[in-house]
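Just one chain follows, in the form predicted on its own, and it is written as structure tokens.
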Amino acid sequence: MPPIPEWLRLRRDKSVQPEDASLWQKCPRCNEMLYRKDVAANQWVCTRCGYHFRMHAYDRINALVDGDFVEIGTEILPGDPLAWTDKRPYPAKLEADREKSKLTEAVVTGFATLDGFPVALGVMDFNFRGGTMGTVVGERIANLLEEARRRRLPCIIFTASGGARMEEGMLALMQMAKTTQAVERFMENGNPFITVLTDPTTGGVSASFAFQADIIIAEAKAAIGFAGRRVIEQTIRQKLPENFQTAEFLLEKGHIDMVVERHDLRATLVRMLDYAVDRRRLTPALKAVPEFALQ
């Protein structure tokens, strides 16, 4: 029997060595071992079965915007309001997440253009403390909505969250009210608000701004809900359907407007903006992103 080629041996070996691990990504759905550069080039969608990996905030922004993205809110950073500590103090956890995710918090906010439409854009990232909403996430989202309201721009927010941040206690839960009120103020004058629910969108985020939008889009197969499946089953003492709390289940029940594959997201958002915004009214100042964003 001829020897197994080296490239085939690597795909069969379940224990990829640490020095090689960064080059490969295993798909949790089809178990295919994928070359990471190929997956990244495919917008972090499995090239074999179409599974949607969770995206880094900046990868998602780069895949969406026309060119420049002017970030705001970077000066708003978390503190340690409760002096929380368990196995590690809260500041140590934050520092570890900054190092791992290359982010300062669980949401990135700013301004950009999307097919020529100036938009306010917020993107949550599950890589930073599970996308939990603490005081900084709430403040950055509220500020984004206020700035978009002042400039009369559409606002698009991508959600990805495991709920409220326990290390900030009641202060984290208060962000639900803060963001909800910010959305209401933003929409008072008819400003378009779109949310894109990605995997997972749960807890306080799903119970506040995620479901307040004019148009609610979800990525295919995304997990969306409030409490966990096991908690619900133990509470109501019933077995839930297999597809419960998936994007497709919520669409079937009328809770969201559409389910979109990642490759079609940009075109879908442009189409929604085309319905909501008159291109003829876009002024030259608004088309120059760095200038209008920093006015």
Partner chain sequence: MNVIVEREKSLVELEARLAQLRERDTASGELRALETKVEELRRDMFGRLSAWERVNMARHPKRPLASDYLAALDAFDELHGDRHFRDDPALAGGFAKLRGRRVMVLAQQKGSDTKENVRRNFGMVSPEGYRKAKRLMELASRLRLPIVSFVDTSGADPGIGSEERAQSEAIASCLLALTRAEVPIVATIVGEGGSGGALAIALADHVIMAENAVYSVASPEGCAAILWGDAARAPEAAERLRLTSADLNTFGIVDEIVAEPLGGAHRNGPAFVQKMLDAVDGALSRLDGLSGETLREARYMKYRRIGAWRDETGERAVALP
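Only a predicted model underlies this, so the values are computations on that prediction, with no experimental measurement involved. Numbering follows the first chain given and starts at 1.
If you look for the form predicted together with its partner chain, you will not find it shown, but the lines that follow are about it.
From the list 54-62, 24-32, 233-241, 259-267, the contact stretch for its partner chain in the model of the complex under a 4.5 Å heavy atom rule is 233-241. The shortest heavy atom separation between Thr132 and its partner chain in the model of the complex exceeds 4.5 Å. Residue contact check for Thr113: none of its heavy atoms lie within 4.5 Å of its partner chain in the model of the complex. Under a 4.5 angstroms non-hydrogen atom cutoff, its partner chain in the model of the complex lacks Ala96 among its neighbouring residues. A residue is said to contact a partner when one of its heavy atoms sits within 4.5 Å of a partner heavy atom; Ala142 meets this definition for its partner chain in the model of the complex. Screening Leu153, Ile217, Val136, Ala222 for any heavy atom within 4.5 Å of its partner chain in the model of the complex leaves a single hit, Val136. Along 241-266, residues Phe244, Gln245, Phe249, Lys253, His255 each place a heavy atom within 4.5 Å of its partner chain in the model of the complex.
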